[in-house]
Every structure is written in C-alpha cells, then in structure tokens.
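Coming up is one lone chain in structure tokens, specifically the form predicted on its own.
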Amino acid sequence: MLKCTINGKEVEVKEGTTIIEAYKEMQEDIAHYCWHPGLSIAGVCRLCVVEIEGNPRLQIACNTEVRDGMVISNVSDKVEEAVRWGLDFHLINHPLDCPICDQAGECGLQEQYMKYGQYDSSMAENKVKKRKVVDLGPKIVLDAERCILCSRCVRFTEEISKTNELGIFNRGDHSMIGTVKDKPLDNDYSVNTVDICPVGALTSKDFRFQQRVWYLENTATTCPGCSTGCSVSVYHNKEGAYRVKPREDKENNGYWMCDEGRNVYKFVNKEARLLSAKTLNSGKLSSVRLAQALEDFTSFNREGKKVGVLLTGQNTTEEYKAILEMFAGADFFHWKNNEEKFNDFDGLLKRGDKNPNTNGLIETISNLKDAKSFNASNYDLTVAVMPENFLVYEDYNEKLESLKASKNLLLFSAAKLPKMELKTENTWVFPLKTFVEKEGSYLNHAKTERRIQKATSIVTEAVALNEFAAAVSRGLKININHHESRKQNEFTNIPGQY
C-alpha cells in the first residue's frame, strides 16, 4: 500500500492506482469526461488536472499513478483556472440545447460547468455547425454538435463489444464521431454507449423524449432477462417503468448490460398486464375483486385432490418455497424455453437461459418433471404459473391452450391473457407481480444469489406467489397499494404560486 495526501487528507491506496482512481475511492470530486473505469485511458479531455507538490506543471490524474508520499490537490486556484480554460474550449462549439436535450438533468457538462465554470466566455467566433439527429443504427441517434470527442463510445466498440463500428473522423474543430465505412452501430451492447456518453450526443431511440429524468425515481435491482442476473437500476414514476440501466457490479456484469435486457421494463407496464383477478362464470372469465377470488379459491376443497403444478425459472426462490409448501405432494413440472440453448454464452454477458432463477427452481423443488410430459387432464387441480417475460417462450400459446383440458384450474399470469373458452369446473386467475413490484432472490448461472427490490406498484391487485400462499394457507391479508391516477410529466417541485 502507498500513502499519499489528497486535498489535505491522508489516504492509502494499492500500488498501480492512478490519481483519479484514488479520488474516486475517496469519493472526492474531480473534473473529467474521457476517463471511464471500464475503458482504457485516453487522456484527451484534459480536465482531470491536479497539482502535485514538487512538480511545476499540472498533471492529468487519469494517466498518472500515485507514488508513495505524493501530496496532491485539485482545489487550488491554479487547478481551477486550468479546468475553467478546459471547459471553455469544450464549450466553444457546444450548442445551447439544454432545454431540449434528453441528457439534461444527468449531464456531465452541466455539472462540471456549475462546479468549475460559470464564467464569461472569451470566444467571439461563431460556433461550428455539425450534423444533428444522425441515425447511427436501429437503437442510437447522434447529435454531432453536442459531442465533445471524449472517445468513450469509440473505445467501447473497440474494447468491450469488439465490433468496431465507431471512429473519429476529420481534424480540428471539424472532427466528428461516425460509423466506420457506414457500418451501422448495431451490436448486442450498443446502448451502453448512451450510458457512458457524458453529454447528450448519443441518445437511445427507445427512451428519447419519453420523460425528463427529474420526473423519474430509480431503484437498484436485478435484471430478470437471463441467468446472468445483471445489477441494474429501474427508472420509474407513477406512470410505470421507462428504462433499465446497468449498475456497477465488478463481480458480475462490471459496468455493462446487454440491449435485450433493457427491454424487460416493457412487460411490467399496464399496457401489457393482466389488471384484475378473474373467475369462471357461465363458461367465461369475469373480472372480480382480488379478495373475492381469494375467498372463492380458499373455499375450494383441495383434500385428496391430485395436483399438477407448472412452473418456469422466472419467479423468486421465496415464491417456489411457498408453492412447494402449499401444494406438498403435488407433481411439479419445469417448463423450459429454448432448452437446447441453455448453455449458450456470448462471451460477455448474454446467456441462452432466458430465466433469472432456473437454479433457484431446481434447488428448491428436487422432484421436478419435464413439462414435455405435462398433461392437465391427469389432475383434479392444475396450477399454472405463466412466465413473467412471455416473449421469450415460443410455445407460450401452445402451453396456454393445453390448460383448457384442466378439470379445475388455478392460473397466475403477469401478462394479459387472450380470450379463453374454458370447460373446467372451476377456474381462478390471479394477476402476478413482476420483478419491479416485489422483493426476493434469484440464483444465477453461477449459483450466486441475486436480489430484487420492490420499485413501485403498477398493478395494484397483483400478487406474488408467496403472498398468495400466505393468504390462502394462513389467512394473512394481502396489502393492496392503491396509488393516485397516473399523470404524464408530473412536476415534483413547482416554483412560485399558482
């Protein structure tokens, strides 16, 4: 370990640590654009300058390693003046787009200017105009005028995705980010370039102009898109979820996530959801209150009934334990999707098993049978838990059709169901909570526990399987979190009086 002094505080760091890494470990502010902990060092923005005692010149912190006994500062007048000059050069041609820029509210340029800038510009020349709304590929839009040429996106495609679509072209103030030989930016990880862009130059077509970030809260959780279980943040408000972004997790997904995983928020919103419980009435499913459906099922005599339970790897371990206890002695079937691809891996993050908790299901219920042998007509009561992300199940409709042979059917689904004509004696349908509406754990491909946290309540009468089991078996009440009607772009802080 090396001892050094940073902004008057004595610290110890490992040998080989750069000064900017030491600042980050201390949670001390330091200006920078081009440096990113998951990428190589470029040293092109020149904002992370520091003053080192005994060295007459300022040094960039991203490419200077800590030496034992170093005394370092980035709060001196000399450093702050250098940063202001650097910002002035970065802003020479930057457009005044803040009111219409998607990055507003989480923009590094805004933050640095408010901390180190707030000056009168010395530049009198007209700004260089560049291309705006450039279609780089199916998911990304470029505004070249906003780009500060930090090269993060270029380094990402070279070093992480290894797809090499991006480069910097031309010279001087006419330099621009662009695609190499007009090859579109179209890889399985392309939206990470939007995450790491420190300004609003790269924006996601999916999130573009959907919400201002200050109208969104974010909750740390786990991506349910595959068995990797990336650490992510879900951004949401009273309207629902709007985006998913990776959260730093050096042991699992580093700083990244795949583009496919970013779409998991789409199946949690009301447009895609089953909104109420249903029971069978004259051969048709009719909506009822959750309490009524619970009461109806609780009064059903399950003694001596032969029960078959159909499960996927998309629920939490806690839910599997509750169902196992509730239907002890039942036959449990494991419904898999694309089983032949379960062991596929792209070498970075994506895995062929599109379920977050296959291992949790297998370890919790030891006597699992393959769902290929499942026949609903063999049971007095069929319990079917449909997959939360039904889009990754190619045989979803086929399996749903097979449930029509049930004598009595208990069905859980987060997604809307197609119209079903049933000839069962009894059918109970319950809306299921999604990963943003409950707490619990998954076991990923490496059998490492991954936690999910409740972010919001989107379907107020949805239930988790363990909540259902507790309500039916022990009479525990399910808390229903009714929320106010959803408003678009709701203001949270309104200045002045109206």
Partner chain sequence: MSELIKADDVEFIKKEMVRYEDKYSAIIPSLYKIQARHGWVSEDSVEELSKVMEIPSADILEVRNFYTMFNQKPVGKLHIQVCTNVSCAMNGGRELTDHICKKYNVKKGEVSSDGTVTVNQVECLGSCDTAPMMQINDKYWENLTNESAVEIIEKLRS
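Residue numbers count along the first chain shown, from 1. Worth saying up front: this structure is predicted, and the values here are computed from it rather than measured.
Here the subject shifts to the form predicted together with the partner chain, a form of this protein not shown in this document.
*Asks:* Spell out, yes or no, whether the shortest heavy atom distance between N170 and the partner chain in the model of the complex is within 4.5 Å.
*Replies:* Contact check for N170: yes, within 4.5 Å of the partner chain in the model of the complex.
*Asks:* Determine whether any heavy atom of E319 comes within 4.5 Å of a heavy atom of the partner chain in the model of the complex, and answer yes or no.
*Replies:* No, E319 stays farther than 4.5 Å from the partner chain in the model of the complex.
*Asks:* Is E165 close enough to the partner chain in the model of the complex to count, meaning some heavy atom within 4.5 Å?
*Replies:* Residue-level check for E165: yes, a contact with the partner chain.
*Asks:* Are any of the heavy atoms in L417 no more than 4.5 Å from a heavy atom of the partner chain in the model of the complex?
*Replies:* It does not: once the partner chain is placed as it appears in the model of the complex, L417 has no heavy atom within 4.5 Å of it.
*Asks:* Between the options D102, D331, E158, E145, which residue brings a heavy atom to within 4.5 Å of the partner chain in the model of the complex?
*Replies:* It is E158.
*Asks:* Which one of V75, I362, L348, V180 is close to the partner chain in the model of the complex, taking close to mean a heavy atom within 4.5 Å?
*Replies:* In short, V180.
*Asks:* Would you mind picking out the stretch of 262-270, 233-241, 246-254, 181-189 that comes within 4.5 angstroms of the partner chain in the model of the complex, counting non-hydrogen atoms?
*Replies:* Among the listed stretches, the partner-contacting one is 181-189.
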